[in-house]
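Okay, here we've got a single chain as structure tokens, the form predicted alone, with questions on binding and movement later.
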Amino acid sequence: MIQIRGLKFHYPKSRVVLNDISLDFSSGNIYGLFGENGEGKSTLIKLMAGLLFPKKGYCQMSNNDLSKRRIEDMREVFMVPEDFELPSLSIHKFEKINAPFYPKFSQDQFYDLIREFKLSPQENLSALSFGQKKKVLIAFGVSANTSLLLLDEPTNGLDIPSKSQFRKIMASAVDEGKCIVISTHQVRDLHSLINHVVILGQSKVVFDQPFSSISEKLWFGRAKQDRQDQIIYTEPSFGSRAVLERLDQEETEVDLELLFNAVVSNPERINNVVKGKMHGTVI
């Protein structure tokens, strides 16, 4: 659905933020886009939304270049940005003004989500907290039912119950006709939600794997003495939990934060294990 090839981008008088990025995003999936601060997550999201323009390469949706910002394409893309300003309007008025831009927008779905977020259609956006405003945008984005839904740091400003609510809503929102990409540095917030991990580092894609491959090749937990030679990465601050080659062990739950730290520490080693290119190498 989304095809990115040879993408390069830098801001005026700045270093290259993204260099030779090639990725594929398919419908029916929720992608977690991770990376340390400044690694280009927000920039990539904006390029996919047609808000920035590549210096080289392209980003296409269904073979149409998103940088051309064709009306037909923009109707199929909705982005919830990290930072935003909303007008001094009621939630109801905001919906009335913006919904017509999205042909598949569901008014019933929107107001169901507004109620689920414990908000009232009559409330004025300017009187809401930042977290409440974000809930309105998330509800609108889900209800727009676009082919591509982009969310940049969506859990910033949400309290713990709201984060759980967010995960529940996003899990129910994805279907075979929708691709969801969530960019965040708060890796734990996407636990049990995403089914594909993309990690950026040093202006490149350093990891791009579905959960199925991660679960098949990696094991997460405390390594027993006889498994020390299978350790890929370990960290004392995680209670001596480690990432190991799974081999013939039972499948474990993927620890996203531990996986992220392992990739950042040594992307080549962990990629080789996931791709089945090595065995028994200790870090």
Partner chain sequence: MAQSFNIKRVSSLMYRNLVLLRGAIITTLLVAGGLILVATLLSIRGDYVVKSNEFIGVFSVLFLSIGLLFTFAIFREMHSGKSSYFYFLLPVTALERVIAAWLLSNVIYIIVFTFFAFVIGQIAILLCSFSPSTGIHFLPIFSETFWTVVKFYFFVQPAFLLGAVVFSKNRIGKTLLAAIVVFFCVFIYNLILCFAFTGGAFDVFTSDPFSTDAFDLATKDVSGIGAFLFSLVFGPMMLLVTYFRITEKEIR
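In this text, all values refer to a predicted model and were calculated from it rather than measured experimentally. Residue numbers count along the first chain shown, from 1.
Beyond the structure shown, there is the form predicted in complex with the partner chain, which is absent from this document and is the topic of what follows.
Handout entry: Contact residue in the predicted complex, from A242, A49, M61, I214 (heavy atom within 4.5 Å of the partner chain)
Key = The option sitting close enough to the partner is A49.
Exercise for the section: Find the only residue in V187, M79, L158, V206 having a heavy atom within 4.5 Å of the partner chain in the predicted complex. Expected result: Partner contact (heavy atom, 4.5 Å) among the options: M79.
Practice task
Using the partner position in the predicted complex, report whether L137 sits within 4.5 Å of the partner chain, counting heavy atoms only.
Solution key: Although the partner chain is absent here, L137 would touch it in the predicted complex, with heavy atoms inside 4.5 Å.
Handout entry: S88: touches the partner chain in the predicted complex, heavy atom cutoff 4.5 angstroms
Key = Yes, contact at 4.5 Å.
Problem - Contact test in the predicted complex: A127 vs the partner chain, heavy atoms, 4.5 Å - result: No, A127 is distant from the partner.
Exercise for the section: Considering only heavy atoms, tell me if K56 and the partner chain come within 4.5 Å of each other in the predicted complex. Expected result: The answer is no: K56 has no heavy atom within 4.5 Å of the partner chain.
Practice task
May I ask you to list the residues of 92-121 that have any heavy atom within 4.5 angstroms of the partner chain in the predicted complex, in sequence order?
Solution key: The stretch touches the partner through K93, F94, K96, I97, N98, P100, F101, Y102.
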